[in-house]
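Have a look below at one chain only, the form predicted on its own, in structure tokens format.
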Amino acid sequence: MEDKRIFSDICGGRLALQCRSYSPFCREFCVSCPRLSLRSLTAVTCTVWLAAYGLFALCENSMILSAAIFITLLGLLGYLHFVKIDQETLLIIDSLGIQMTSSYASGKENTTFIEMGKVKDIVINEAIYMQKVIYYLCILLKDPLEPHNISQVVPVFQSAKPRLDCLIEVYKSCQEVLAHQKATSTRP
């Protein structure tokens, strides 16, 4: 079963949440951010090139124009490969674990896997960000020495920053999978 809904991020931008349920014990959530805006790309490029042309008019050195083109291209490639995340995915399988994947605009992907035995819970937490309270989904990991304590907090959907209504959808579904996992792990 697949469900796709439109939500917004903390700044009011559009996000698409795609929920896939492969079984009652395996669910995947994909949060897709808007693609790179041609308007913002054009504005940044024009600003850099106009500044370079102004310096060229003062110095009359053509290396300034070449450097501006080179810097713009390197900056764009760096932004697409290291900063701009197009999609974040959370895959939760009750008997295996949780996999988080970030897909960058350049095609690069970062994947993190957390074994289910290390997961204590998944919660919605709140934080203060830019003079407002925001909510974020995070995975609480058990302390290996003391299983009742929390050793680490792993935030999910860090780049997309969805609002609370989107997080509640993901949270409820994750709690259903975790409840099934806890019920099967306590059976003799």
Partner chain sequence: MAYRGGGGHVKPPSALCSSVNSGKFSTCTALSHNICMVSDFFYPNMGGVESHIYQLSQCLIQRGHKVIIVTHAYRDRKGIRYLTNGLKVYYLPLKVMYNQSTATTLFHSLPLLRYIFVRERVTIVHSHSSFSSMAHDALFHAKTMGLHTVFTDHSLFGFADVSSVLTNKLLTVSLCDTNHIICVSYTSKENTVLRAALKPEIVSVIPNAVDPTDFTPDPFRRHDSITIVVVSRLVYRKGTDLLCGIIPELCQKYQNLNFIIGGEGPKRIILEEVRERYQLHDRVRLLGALEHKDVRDVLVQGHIFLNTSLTEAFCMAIVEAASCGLQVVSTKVGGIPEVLPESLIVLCEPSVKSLCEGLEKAIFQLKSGTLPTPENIHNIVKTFYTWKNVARRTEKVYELVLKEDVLSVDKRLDRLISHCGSVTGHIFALLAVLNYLFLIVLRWITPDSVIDVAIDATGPRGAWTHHCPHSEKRGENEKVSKTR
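Positions refer to the first chain, counted from 1. Because the structure is predicted, anything quoted here is derived from the model rather than measured. For clarity, a rigid core is taken as the largest C-alpha set superposing within 1.5 Å between two forms.
One more form of this protein, predicted in complex with its partner chain, exists but is not displayed; see below.
Put simply, of Ile150, Ala127, Leu65, Cys46 only one has a heavy atom within 4.5 Å of its partner chain in the predicted bound form, and it is Ala127.
Partner proximity in the predicted bound form, defined as non-hydrogen atoms within 4.5 angstroms of its partner chain, places exactly one of 65 to 73, 119 to 127, 33 to 41, 49 to 57 at the interface: 119 to 127. Using a 4.5 angstroms limit between non-hydrogen atoms, Leu145 is distant from its partner chain in the predicted bound form. A residue is said to contact a partner when one of its heavy atoms sits within 4.5 Å of a partner heavy atom; Ala179 fails this definition for its partner chain in the predicted bound form, lying far away. At a distance threshold of 4.5 angstroms between non-hydrogen atoms, Ile10 is in contact with its partner chain in the predicted bound form. Though the partner is left out of this view, Cys174 does not reach within 4.5 Å of its partner chain in the predicted bound form, counting heavy atoms only.
Core-superposed comparison between this form and the one not shown: the C-alpha position of Met130 differs by no less than 2 Å.
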